[in-house]
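Let's start with one chain on its own, the form predicted on its own, as structure tokens.
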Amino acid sequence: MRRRLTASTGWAIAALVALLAPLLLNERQMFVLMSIVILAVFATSYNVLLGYTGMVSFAHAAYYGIGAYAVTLAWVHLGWSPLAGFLLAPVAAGAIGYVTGLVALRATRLYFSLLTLAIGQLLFLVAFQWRGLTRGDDGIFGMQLPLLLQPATNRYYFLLALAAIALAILSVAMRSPFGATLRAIRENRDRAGFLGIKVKRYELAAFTLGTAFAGWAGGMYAFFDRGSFPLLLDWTTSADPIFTTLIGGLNSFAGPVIGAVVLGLLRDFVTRNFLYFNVVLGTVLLAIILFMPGGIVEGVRRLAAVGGPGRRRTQPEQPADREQPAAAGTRSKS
């Protein structure tokens, strides 16, 4: 109960800060904040696979890119408004995720990860070489946004609303019996199967759900950058949600969101003041793995458990009435 109250308070404070941030930030900082909001959804969608189901995928960026392309391609080839195109983003990514998941889930563990890597690179090559559809390595840029979304502040609130909806849906899903079943599969896949759980079906459902919301995040990116390009689908882009989840914490729904804030602010600070962002990122990851292996959320919980009130163990006092029979027996012997 106390943990739920603390979590609810934390989410309320985060929402208040997010709503008031545009009053204090300049335009450049607004775009940094938008990138953090997108990364939070991207990483949370990946945590459905890694943190809740125990599946390591190297193709998550491919579905992120598909979501971005769904918006821009609908605008270029169909003449749709970006708002209408956004509705295609999670549907297209989820549908392709379902089909490719049927292939990838024929294997488990390391071989599953290698299959996702191959599938992701195949989708990347399609976007990179099919110039008639995607304009190849040139990408698609200059997408015309509705007039209401052209100011940075309005666009930020729009992306924040989309992120809130996505996180709310994923939160409900992960707190449901479906989420509990995914955690059981993560803890012991074989035992879950012995209990009668259709492990492959649940893994496919988790894969489809995660890829659909990766597409949701990709659609948000299309509004942020007003375009899409093949590098969004490359396997190296999958490092972003992996690092974000590891920094924030795997075993917590809030972990990827906290990790997105930390990684986004760190990237902005380092790239403006230093040359080698990857060196700094590697150092941060090494420190977290060594000193906070569960991520920031788990580290904070451990500190709270150590320093919290009432945590000291004391020897229970012996009730007086338990000592009376012994005393009476002693008197009778004397």
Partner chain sequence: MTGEALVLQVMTGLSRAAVLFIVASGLSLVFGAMRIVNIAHGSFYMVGAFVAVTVAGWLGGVVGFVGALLVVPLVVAALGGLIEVGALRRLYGKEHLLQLLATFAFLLIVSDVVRFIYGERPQSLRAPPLLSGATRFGDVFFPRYSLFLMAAAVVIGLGLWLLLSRTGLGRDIRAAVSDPEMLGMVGVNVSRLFTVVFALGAGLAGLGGVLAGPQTTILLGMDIDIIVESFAVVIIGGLGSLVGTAVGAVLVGVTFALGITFIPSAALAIVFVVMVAVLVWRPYGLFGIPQEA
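Positions refer to the first chain, counted from 1. Here the structure is a predicted model, which is why all the values come from computation and not from measurement.
Keep in mind that the form predicted in complex with its partner chain is not shown, yet the notes after this line are about it.
- Exactly one of the stretches 24 to 32, 55 to 63, 297 to 305, 37 to 45 approaches its partner chain in the model of the complex with heavy atoms within 4.5 Å, and it is 55 to 63.
- Heavy atoms of T283 reach within 4.5 Å of its partner chain in the model of the complex, making it an interface residue.
- Although the partner is absent here, A254 is not a contact residue: none of its heavy atoms lies within 4.5 angstroms of its partner chain in the model of the complex.
- By the criterion of a heavy atom within 4.5 Å, I119 is counted among the residues contacting its partner chain in the model of the complex.
- When its partner chain is considered in the model of the complex, L246 lines it closely, a heavy atom lying within 4.5 Å.
- Residues W11, L73 and T208 are none of them found to lie within 4.5 Å of its partner chain in the model of the complex, as judged by heavy atom distances.
- Residue-level contacts in the model of the complex: of I96, A152, L250, L167, one residue has a heavy atom within 4.5 Å of its partner chain, and it is L250.
- Site annotation in the model of the complex: the residue of L232, L145, I242, L159 reaching within 4.5 Å of its partner chain with a heavy atom is I242.
- Scanning 269 to 296 for heavy atoms within 4.5 Å of its partner chain in the model of the complex gives L275, Y276, F277, N278, V279, L281, G282, T283, L285, L286, I289, L290, F291, P293 in sequence order.
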